[in-house]
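This document starts with one chain, in the form predicted alone, laid out as structure tokens.
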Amino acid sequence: MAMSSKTSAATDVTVLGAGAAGVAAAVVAARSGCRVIVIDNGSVPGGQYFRGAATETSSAVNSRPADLSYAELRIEFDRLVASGAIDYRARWTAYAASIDDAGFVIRLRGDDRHRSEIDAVTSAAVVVATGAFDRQLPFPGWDLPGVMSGGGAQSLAKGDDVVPGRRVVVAGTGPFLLAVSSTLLDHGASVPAIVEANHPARMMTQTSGLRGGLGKTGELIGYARQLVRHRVPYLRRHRVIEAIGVDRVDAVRIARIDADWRVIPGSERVVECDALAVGYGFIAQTDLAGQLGAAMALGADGGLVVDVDDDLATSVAGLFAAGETTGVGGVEAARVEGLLAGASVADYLGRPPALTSRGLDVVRRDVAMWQGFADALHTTFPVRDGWRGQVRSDTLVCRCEEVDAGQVREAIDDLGARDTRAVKLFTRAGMGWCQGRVCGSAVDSLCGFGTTQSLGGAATRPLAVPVPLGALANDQMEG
């Protein structure tokens, strides 16, 4: 196929991602007089949470940005795109980021990864709002067809109106399990069980965080009513320990676990299903910020996040981050962080922010409130260490390169690996198609070297996503 020609578009701000944070940042920056390009690998704005949601049509939204809900921000985003104030690049993925004399350079890959469609944009500032992806923990059978992440199951249902099976067990930890179950039920699937590894009642001890999240009460009550209506069992302190099947999953083995997530002997039982949606929280997507040299920090859940100050500025001048990249906190936290990032990037570029002083105060208060709520969630739904010692040696850890837990342990115990990079070189874990996104967190945990020795999150790779060699050759020829 013919290669597309590479173009270069200079602008004020490049926003990476069009979820709640990216949309909010783009609206505020554009309203502040900045020229804005938004890069998004989705076909429409909204990110994972709002994927497939119906949008309204409206004239301009005249409310102050600090007061806008996501729905209103989306209406304003669409208006600004239509007017040319925002250049929205749907179905493009940023694969590399760098800095040169022209400013920030973001290199893009087209939606069809098998074609050599590339592009590049340059800008004076960047807002990284690339979100997060599901954290996975390995267990026997997790590589069977029909086993997928909770986010993957939700994307199928929301984006394509397809459910992964008729009977879908939802397992892992965190309130996201309720959202996934609700989506599946809405699209006609049944949920034989929600398998929650923690005990949500611990949330009641997080009084300060609860005050911040009172706005979520109605949503949680709605989920609870739906589960009761569909008679969905909610199994606390349980974990899926095996997916059973030959050509695909047809049942899961679950067990009761103690506070450290170790299996309680004699508590195992089998639940029939034809699909399993599983997720143990999320991992911030920090690769592009890392390519640009941004400092990282440990988030409230112990994972790596982009380190930002009170204005959401990173350690790199002109680079800002918002939403799940700075710490997983949910869609409302992402929205208000996007508002703040949009105002901060406008101020950095010398443009009067569209948010008034009072509006900025409100946004900063909301950011702090939702961060407190996120901290309470992470305290209630942590990933405990007990699962590590119970991973069988023949359990696949890196599915791309077919590396099992025994090989990871051998690299440490017999071959002398003292960091995750050495484990990677000895075993090839993390060298496959996903580049450690699926296996990185699990390998890190099995190694026990600490999060700062991360196989996935801390690694800075020259390419953030797979890119055809033809595209790279074309990029080199025209660069």
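The first residue of the sequence shown is number 1, and the count goes up from there. Treat the numbers as computed from the prediction; the structure is a model and nothing was measured.
One more form of this protein should be noted, the form predicted together with a small molecule, which is absent from this view; the next part is about it.
- Message: By the heavy atom within 4.5 Å rule, which residue out of Q435, S445, N41, T427 makes contact with the small molecule in the model of the complex?
- Response: Residue within 4.5 Å of the partner: N41.
- Task: Work out which of F77, W370, F282, F139 lies within 4.5 Å of the small molecule in the model of the complex, going by heavy atoms.
- Result: Spelling it out, the residue with a heavy atom inside the cut-off is F282.
- Would the small molecule be touched by all three of A129, V331 and A334 in the model of the complex, meaning a heavy atom each within 4.5 Å? Verified in the model of the complex; spot residues all in contact, yes.
- Message: Please tell me whether any heavy atom belonging to A179 falls inside 4.5 Å of a heavy atom of the small molecule, as the geometry stands in the model of the complex.
- Response: Yes - in the model of the complex, heavy atoms of A179 and the small molecule come within 4.5 Å of each other.
- Message: How about G342 - does it come within 4.5 Å of the small molecule in the model of the complex, if we only consider non-hydrogen atoms?
- Response: Taking the distances in the model of the complex, the answer for G342 is no, it never comes within 4.5 Å of the small molecule.
- Query: Should T93 be counted as a contact of the small molecule in the model of the complex, where contact means heavy atoms within 4.5 Å?
  - Reply: Flag for T93 set to yes.
- Query: Hey, in the model of the complex, is G151 touching the small molecule, heavy atoms inside 4.5 Å?
  - Reply: Yes, contact at 4.5 Å.
- Task: Go through 130 to 138, 306 to 314, 357 to 365, 238 to 246 and give me the stretch that gets within 4.5 Å of the small molecule in the model of the complex, heavy atoms only.
- Result: Looking at the other structure, the answer is 130 to 138.
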